[in-house]
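A single chain comes next, written as structure tokens; it is the form predicted alone.
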Amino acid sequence: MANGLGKGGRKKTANKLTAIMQVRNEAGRYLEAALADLSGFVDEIVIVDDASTDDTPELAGSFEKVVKLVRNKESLFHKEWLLRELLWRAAEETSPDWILAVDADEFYEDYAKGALRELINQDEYDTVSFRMYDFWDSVTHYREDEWWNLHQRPMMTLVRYLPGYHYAYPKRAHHAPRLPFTYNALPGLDTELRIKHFGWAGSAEERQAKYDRYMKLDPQGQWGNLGHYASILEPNPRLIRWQERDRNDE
């Protein structure tokens, strides 16, 4: 249509892509690289800092594309669904067209970044799912076994913002979904495009600290699986070397 609108008044052209991210004490990890990478392919970034005690908010605020930075005085980490809701509401205030939910240790493959504009400038679907790969012990290998196989099924991380739609999060204290579960009712596209998750790529000591934190927050496995938690400490997991894709691989 001449005005750039398609089905249901959905914009088909010139859509703004807004990344959203919640952070806490990420200054010494991947945050700077993640924000620099995001700045190259999104239009705006919205961040909620969950009461960091390091330089995370100052680092986040130094990026030009960070248009909104909310700083919690007290952490909501033990009520994760509220933290997710706060981030969503902050993004709403920036009048987004599409929202990309990203963690501070995630990087979209270059091929995936190149596809994003085509994915958002259409009127056929309102959600897009990608494949998330958990890198382990390095940024060259990902883990694949009984407990670590998230990449084998698509994960929704990109959604169209629809004013007036009912957005809701399940009240989960831990492992709350990064996007409103009500998006599952909307038409979506599952892709083979890939995301690199470096949250487990650090040292064994860092993984031990994560395991200890999970067990403190969720000792009975109410919000997660105790077997999955235990697998964090597996001394010899099955690792596969990452190979970057390009258009010629299709």
Partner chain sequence: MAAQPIVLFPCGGWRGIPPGQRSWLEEFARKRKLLALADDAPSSVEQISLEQLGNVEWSSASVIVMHPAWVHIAVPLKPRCLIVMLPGPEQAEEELWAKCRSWLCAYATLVVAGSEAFYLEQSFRRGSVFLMDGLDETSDLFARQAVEWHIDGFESDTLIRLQQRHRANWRQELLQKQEQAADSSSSGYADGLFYHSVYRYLTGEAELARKLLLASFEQMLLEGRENTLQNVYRFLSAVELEQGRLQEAVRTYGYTAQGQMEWGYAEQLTEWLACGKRELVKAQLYALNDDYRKAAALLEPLADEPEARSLLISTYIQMGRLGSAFSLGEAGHLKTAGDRRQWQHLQGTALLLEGKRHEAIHCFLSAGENRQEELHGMIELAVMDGVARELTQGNKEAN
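As the structure is a computational prediction, the values presented were derived from the model and not from experiment. Numbering follows the first chain given and starts at 1.
Heads up, the form predicted together with its partner chain isn't pictured, but that's what we're talking about next.
*Asks:* Taking heavy atoms and a 4.5 Å cut-off, does Pro187 contact its partner chain in the predicted bound form?
*Replies:* Pro187: yes, in contact with its partner chain in the predicted bound form.
*Asks:* Does Arg238 reach its partner chain in the predicted bound form, with heavy atoms at most 4.5 Å apart?
*Replies:* Looking in the predicted bound form, residue contacts with its partner chain do not include Arg238, since no heavy atom lies within 4.5 Å.
*Asks:* Though only this chain appears here, would His228 touch its partner chain in the predicted bound form if you measure heavy atom gaps against 4.5 Å?
*Replies:* His228 lies outside the contact set for its partner chain.
*Asks:* Please check if Trp223 has a heavy atom lying within 4.5 Å of any heavy atom of its partner chain in the predicted bound form.
*Replies:* Heavy-atom contact with its partner chain at 4.5 Å: absent for Trp223.
*Asks:* Check for me whether its partner chain, as it appears in the predicted bound form, comes within 4.5 angstroms of all of Phe107, Trp200 and Lys210 - heavy atoms only.
*Replies:* No: no residue has a heavy atom within 4.5 Å of the partner.
*Asks:* Which single stretch, out of 158-166, 75-83, 111-119, 143-151, brings residue heavy atoms within 4.5 Å of its partner chain in the predicted bound form?
*Replies:* That would be stretch 158-166.
*Asks:* Scan 10-32 and note down the residues that get a heavy atom within 4.5 Å of its partner chain in the predicted bound form; none is a fine answer too.
*Replies:* If the 4.5 Å heavy-atom criterion is applied to its partner chain in the predicted bound form, 10-32 yields only Arg10.
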